[in-house]
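This document opens with one chain alone, in structure tokens, the form predicted alone.
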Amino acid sequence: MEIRAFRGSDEAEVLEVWRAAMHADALGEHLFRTKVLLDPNFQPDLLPVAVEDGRVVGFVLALTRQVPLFLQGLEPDKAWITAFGVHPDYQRRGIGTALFQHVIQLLRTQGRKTIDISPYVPNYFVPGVDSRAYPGTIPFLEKQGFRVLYNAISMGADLSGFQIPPEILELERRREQEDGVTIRPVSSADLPELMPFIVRHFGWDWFRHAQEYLLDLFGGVNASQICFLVARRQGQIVGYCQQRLERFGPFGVDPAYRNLGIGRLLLFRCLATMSARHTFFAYFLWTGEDAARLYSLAGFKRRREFAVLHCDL
């Protein structure tokens, strides 16, 4: 068995292993090329493959920043692993352990101090490890020195016949009368205040998501697939919500105003817009327990649960 850096000719075999080993998260050529090979942080050495019997039988995809993420910079201490697997026909032979030892040593040589699985932006595939889909993976990773930091919940909702409940409509009326809260589609006049608001309260990754949607919305590129709402209180932006096709979120409210039900208003208004456009399902990949309770009020149900793992090198 040989471990070596990824080569362009390995694509088909890596994807074959990916689909067999990560069966709940299968990937096609288009996403592999756009989210892996064309990622500016991609390095072939950090996609080591295991070769046995003349074929690729395992891989690990690790990332480190080669270009800065806005003002977060290069994050020189950090590394991420976003995908890995060994073909089922070759499992339990030590190949996975050898691949992880190989990539960990590479990252140590580069001076990296931590590895996370797998909250890497911009191109993660899932938030972490789905222990139900891959029951032996967390014990395997714990043997490699990883520990579970927290769990991320993925949820989805059937929007067929969706209607805003009377109590939400009453809350909306009361908030507008008593607190001057309005929920409106984003306009160009919002942008000078909106973008700094997002960075200040939610960070650069949320800024990147919002910018991507807004570039399409205002550029007329599939604008009909996007809903982007802004919440104001007495004229000041206090929250926002975004959606494209079936993908909902992220959305957030200024922590100083989270006791007014503004998050519920944004959530229900966005879902109503989706339903009116005949988008009959909504989903997102990542939330915590507290937010999950809010989503459940709108009919969201748990789809999957992921463990986010961390290793100190």
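The first residue of the sequence shown is number 1, and the count goes up from there. Treat the numbers as computed from the prediction; the structure is a model and nothing was measured.
One more form of this protein should be noted, the form predicted in complex with a small molecule, which is absent from this view; the next part is about it.
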Heavy atom of T137 within 4.5 Å of the small molecule in the predicted complex: yes
Does any part of V129 reach within 4.5 Å of the small molecule in the predicted complex? Heavy atoms only, please. yes
Any of the heavy atoms of V86 lying within 4.5 Å of the small molecule in the predicted complex? yes
Under a 4.5 Å heavy atom criterion, is R93 part of the interface with the small molecule in the predicted complex? yes
So the small molecule isn't shown here. In the predicted complex, which residue out of Q72, T114, N151, T97 has a non-hydrogen atom within 4.5 Å of it? T97
Of A292, L15, M22, A298, which one comes within 4.5 Å of the small molecule in the predicted complex, counting heavy atoms only? M22
Spot the stretch among 155-163, 224-232, 129-137, 102-110 with residues whose non-hydrogen atoms come within 4.5 Å of the small molecule in the predicted complex. 129-137
